[in-house]
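The form predicted alone is given below as one chain in structure tokens.
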């Protein structure tokens, strides 16, 4: 499978980084295709946890190339510090490449992000979006408004100066902007340091695919946060879908082989926005503590709840998942029952099996649950047995849970994560879960 996309199937934080890192063992290139320092991908090697913010997880494995791709918005100062920090910790094993087409996040964008959040909150009936305040939205807005600066501009002093001057005129209404000449000088110096890592990455990937080398596209955020297909306006500013990964890497659709959807056995959400299967206070606390559910970038506690099959079916159809990876099944170990959202009911009691387009309309819907039998706690002894014996050592009720996911999405569960460590990941094999049907009839049922 020369080209595989890894996509978040929920509201983010599904352990995409861990699954990508696992698959990267057989890859040559890993490409981060969107987002920026608002996303943290956590990978645990042995007892040491590493959080990657703007680098692809390929940089953690010898012989691999980690590409920060064209679709990203990069904070160049934070990016350099991330590279240096990995190097200091002797974790920078692979090569780092930065796409010359990626856009830049500047201090102006972070100031604008905070200004916009405050503006929204001040409006009658308004409230903030709950952004990470990393400048992501303003940077993407400048990209599409054609005001943006790109990585390639860092190595073109005259172009950098001209475009930065134009951007300062555009943002003259913002308070507390840093001195323009000081920022220009700092960016120019940074560009000279990063220049050996900056490249036109698309031809490199095209040639790798021609040679039959494996290329992994590592998505950030999640399909349900897509700016067009997510719970707008409570979304990110890019396209964290399979289609968006192609745009964010420069790889054509004809080269795509596999699309892996990553989901937790439950669900979480950070920030504002609809969340139909959000748990009660006690349920949230249980999941938050058991799953360590705090943002890898912000440290904010995540909202926690149960698996939502309505949204999962939607994400599966939207992205064309060819397989699923289910993570954090260990967090639910020991529960007598595991709730699963199978549908919604509107105020009249009518069944709703399609997510509404308007985010506010989720508020009138009540989730309908089916309670599946739980599975035993995944003790150290049981985990060791799973590592030795594979799928045959999984508790029967856990296997039934995975079958149920497949039956309701039409997509086979092919990977399972049962702990935070790199080794606590299991390939179930093709067709290991219940019979899948990826036809439209399955979605419409």
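Positions refer to the first chain, counted from 1. As the structure is a prediction and not an experimental result, all values here were calculated from the model.
This protein has a second form, the form predicted together with a small molecule, left out of what is shown; the following refers to that one.
Of the candidate stretches 221-229, 93-101, 245-253, 351-359, only 221-229 has residues with heavy atoms within 4.5 Å of the small molecule in the model of the complex. Under a 4.5 angstroms non-hydrogen atom cutoff, the small molecule in the model of the complex lacks residue 17 among its neighbouring residues. In the model of the complex, the small molecule sits beyond 4.5 Å of every heavy atom of residue 305. With a 4.5 Å cutoff on heavy atoms, residue 38 counts as touching the small molecule in the model of the complex.
Although the partner is absent from this view, residue 121 stays clear of the small molecule in the model of the complex, with no non-hydrogen atom inside 4.5 angstroms. Site annotation in the model of the complex: the residue of 73, 236, 319, 201 reaching within 4.5 Å of the small molecule with a heavy atom is 236. Shown without its partner, this chain lists 188, 323, 132, 284 as candidates; in the model of the complex, only 132 has a non-hydrogen atom within 4.5 angstroms of the small molecule.
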